[in-house]
Ligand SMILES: Nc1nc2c(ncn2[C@@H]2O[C@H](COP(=O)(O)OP(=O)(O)OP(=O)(O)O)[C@@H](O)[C@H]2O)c(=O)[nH]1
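We begin with a single chain expressed as structure tokens, specifically the form predicted on its own.
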Amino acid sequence: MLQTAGAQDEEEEHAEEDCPELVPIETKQGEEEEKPGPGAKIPVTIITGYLGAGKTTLLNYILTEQHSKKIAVILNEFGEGSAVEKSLAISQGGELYEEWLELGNGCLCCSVKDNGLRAIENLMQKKGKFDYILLETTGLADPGAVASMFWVDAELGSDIYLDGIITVVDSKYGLKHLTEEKPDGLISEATRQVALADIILINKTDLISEEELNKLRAIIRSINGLGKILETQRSRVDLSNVLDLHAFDSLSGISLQKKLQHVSATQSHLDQSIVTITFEVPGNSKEDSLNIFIQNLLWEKNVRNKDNRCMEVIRLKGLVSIKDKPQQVIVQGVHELYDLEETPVSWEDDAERTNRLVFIGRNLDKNILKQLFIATVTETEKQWTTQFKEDQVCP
């Protein structure tokens, strides 16, 4: 019986990951279609999550829900044997052949086996037929690597922008996936997906008890103290909560100001776990020094914690005050990529300028990071404190 039940669970997981049935939505005759202007940028939302969590169910729901958006969908690296996959993309002689399906409501769907850029390039040739792109990743994908293609790609940057990362978590198996210990101290795929998310959907909440849900919610918050948690059944969610997030551009600076004031540092639930830490330092930052500070963390990875382990930052977000800049500056980082951008919000003349930063990663030490920031980035240029020593820099 146990084997039968396990096989049934596995079948249900794989069935849910099949490509959604794309149901055309009839458009009203005579209704004028709104198309983005020639200079309009198209937002890209990445949907990720572990196998069976409900990514495709969410995608199907977004595609078939009544809304005013013309959505293009990229289904990235579906599992072998998917009947729908064969009708969408056929590999011939090692070269990808793509076939696009267009729905009655203007939505487009394709499957792609490469890194996604080729599909986006083809999509941009159809610009004007759609105004939103959804990209569903494989269950084992690192969303940070996918996000980097759309966030800072010079060729695509003029046409599209990364709107946000949505991670779907399976309520029934989420705790198991997030507490899984990988060999050689590696970070589990599920944990990395949660750490990078702007929105975390805890799906299938009807399958677990309130106590189990509280445990899952707590461990997700301990990993990612900045993302917004939504609880769903069958991935049904208000679309205003998952689309048009502006999580990676200057517009997010307005909402980020309030959010940063309520982010609290979290305690590690496992020795190798990812945690969220945050600190605030008043005063102005020197831009050149700030760049060096971030590069040492993201590029060089050369700062150690008190246990002599190198800090690993997966996601960075914050608002800083740069000397001689009237606007607040938003700082964002994903893996080795980062960006500084002025927001539409100016510092008030009588307001105290301050720097609020949130780090999501492993082996992080709040005191060392804060003291290093004060000593190297701020105008005060305080000397090294006893909490940070030069020999703590990784070779």
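Residue indices: 1-based, along the sequence shown. Bear in mind that the values here come from a model prediction, so they are computed numbers and not experimental data.
A second form of this protein, the form predicted in complex with the ligand, is not displayed here; the remarks below concern that form.
- Site status: blocked, since the ligand, placed by superposing the C-alphas around its site in the model of the complex, has 3 or more atoms within 2.4 Å of backbone or C-beta atoms.
- The stretch that touches the ligand in the model of the complex, counting heavy atoms within 4.5 Å, is 198-206, out of 295-303, 218-226, 198-206, 142-150.
- Not displayed here, the ligand is approached by Gln233 to within 4.5 Å at the level of heavy atoms in the model of the complex.
- By the criterion of a heavy atom within 4.5 Å, Leu51 is counted among the residues contacting the ligand in the model of the complex.
- A residue is said to contact a partner when one of its heavy atoms sits within 4.5 Å of a partner heavy atom; Asp163 fails this definition for the ligand in the model of the complex, lying far away.
- Within this chain, Thr56 lines the site of the ligand in the model of the complex, having a heavy atom no more than 4.5 Å away.
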